[in-house]
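First, one chain by itself: the form predicted alone, in structure tokens.
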């Protein structure tokens, strides 16, 4: 249940007036005005590419608006990110920006170490970091290097770093994308406690139930425009989604596809690796196989070992195309034999963020886009444009750096570059994490279309509705092994979670 919207509204802390931001010829934010009050949790929703992250980066001083003004407690904000931080604005990005080799305490204090004569006061550093961790209510060994912490704990360290600066405004961009349901509940309760103390919070999320759980007001952006701002009690989840996408998504949803799998294309036998304990798995032509299980069960570890991204200690993988079977020992061999891999971490493993969309799409397709060793720019532009259009990139500017796009659009670029190779096997790890409802529908359609055209598709997903909606068969992994296999009417959320948690399915009498 959301917090009472009948509480007295505090004074306006931060406001953006008539903000306009352009990238080349594309308008990312178009005459948007918002204001957030003390103690308010202000939701911001919209499809990927709607302008949410751009607007937040302007509020945080990272980007300068082409038109309009940001004010904090009535004073115009000038001077970039440092000035915004000094004015009390803290932004927690969707993608973590921690230093893996540094400790939790060092990461929390990064950029604001307490020093005397150039030396860090370690005791003071740990005290401030410990106070921030206590404020958000989690248990973390602050002396542990970040690289040894779980993804969820890293997210809380990122939030603690913002809280340690005692901000007036806390902006969070998709903070629960990597959290379990229990961790999400803890985070939402913590944000409500901070708001009750007077902190202004701007909360960006594609997870509509979270918006209705904690937000007082919600603003909808679409194509860079502010569509509507309303009290949370004045709208419904369905209405909010309709405003986000500008169309009725029910028309886009597809009843579970009828599949007619062919021969086995991808076969893994006896795969052993760190976190993987002897997995056998087949994927047939035209089939979508899902991998379910809890975080840390070994799903990603299996995929990376099977494809040769990470080393395996035992087992074989065979790819069979056009009647010819080839054993795959390395990732290079997998790619050469028609395998495409969409990794879980798109920003670090899937894209070169400082390269253009066109150059990213060209990377695995250089052989067909060159004569001899010379790449053909005109051919690359045409090739990239066609693929960008096929995945619905918004805006379809192939000259723009991949890092300037939203998370969902970045995922589309990763998919597009592999579609150019016309893969026979495609493996997708968390294909719609951090992706809005409209982009999720489009990515699901792309996955189904690949299977309908005869590709063997393997999907890892922690999103149970997604896993069940896409998959013809679901293997549930627990402790590095397949705990059970479900297909057809057997597969539902309860059965997947029962197997994932170590329970036994009860057969109907």
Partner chain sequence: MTTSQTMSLGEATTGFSARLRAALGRRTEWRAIILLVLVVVGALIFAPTVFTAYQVTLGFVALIGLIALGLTAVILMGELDLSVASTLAVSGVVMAMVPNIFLGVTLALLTGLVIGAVNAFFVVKVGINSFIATLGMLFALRGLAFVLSDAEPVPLTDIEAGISFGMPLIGPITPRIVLFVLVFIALHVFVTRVRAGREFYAVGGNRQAAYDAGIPVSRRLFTGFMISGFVAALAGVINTLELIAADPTAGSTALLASFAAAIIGGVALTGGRGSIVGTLLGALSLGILGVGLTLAGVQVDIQQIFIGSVLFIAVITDPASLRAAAGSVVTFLQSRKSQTAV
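Numbering follows the first chain given and starts at 1. Because the structure is predicted, anything quoted here is derived from the model rather than measured.
One more form of this protein, predicted in complex with the partner chain, exists but is not displayed; see below.
Touches the partner chain in the predicted bound form: residue 203 (any heavy atom, 4.5 Å): Outside the cut-off, so no.
Contact flag, residue 134 vs the partner chain in the predicted bound form, heavy atom cut 4.5 Å: Yes - in the predicted bound form, heavy atoms of residue 134 and the partner chain come within 4.5 Å of each other.
The partner chain contact at residue 97 in the predicted bound form, heavy atom, 4.5 Å: Residue 97: yes, in contact with the partner chain in the predicted bound form.
Touches the partner chain in the predicted bound form: residue 225 (any heavy atom, 4.5 Å): Outside the cut-off, so no.
Among the candidates 230, 314, 120, 264, the residue which, in the predicted bound form, approaches the partner chain to within 4.5 Å (heavy atoms): Of the listed residues, the single hit is 120.
Candidate from 390, 330, 236, 321 lying within 4.5 Å of the partner chain in the predicted bound form - any heavy atom: Filtering the options by heavy-atom distance leaves 330.
Among 71 to 79, 236 to 244, 267 to 275, 101 to 109, the region lying within 4.5 Å of the partner chain in the predicted bound form by heavy atom distance: Comparing against the partner chain in the predicted bound form, the contact stretch is 101 to 109.
Heavy atom distance at most 4.5 Å to the partner chain in the predicted bound form, all of 138, 144 and 153: Answer is yes for this spot.
Inter-Cα distance between residue 133 and residue 344 in the predicted bound form, nearer or further [3 Å or more]: Farther is correct, given that in the predicted bound form the C-alpha spacing of residue 344 to residue 133 is increased by at least 3 Å.
Relative Cα spacing, residue 479 and residue 152, in the predicted bound form - shift of 3 Å or more: Note: Cα gap between residue 152 and residue 479 shrinks in the predicted bound form.
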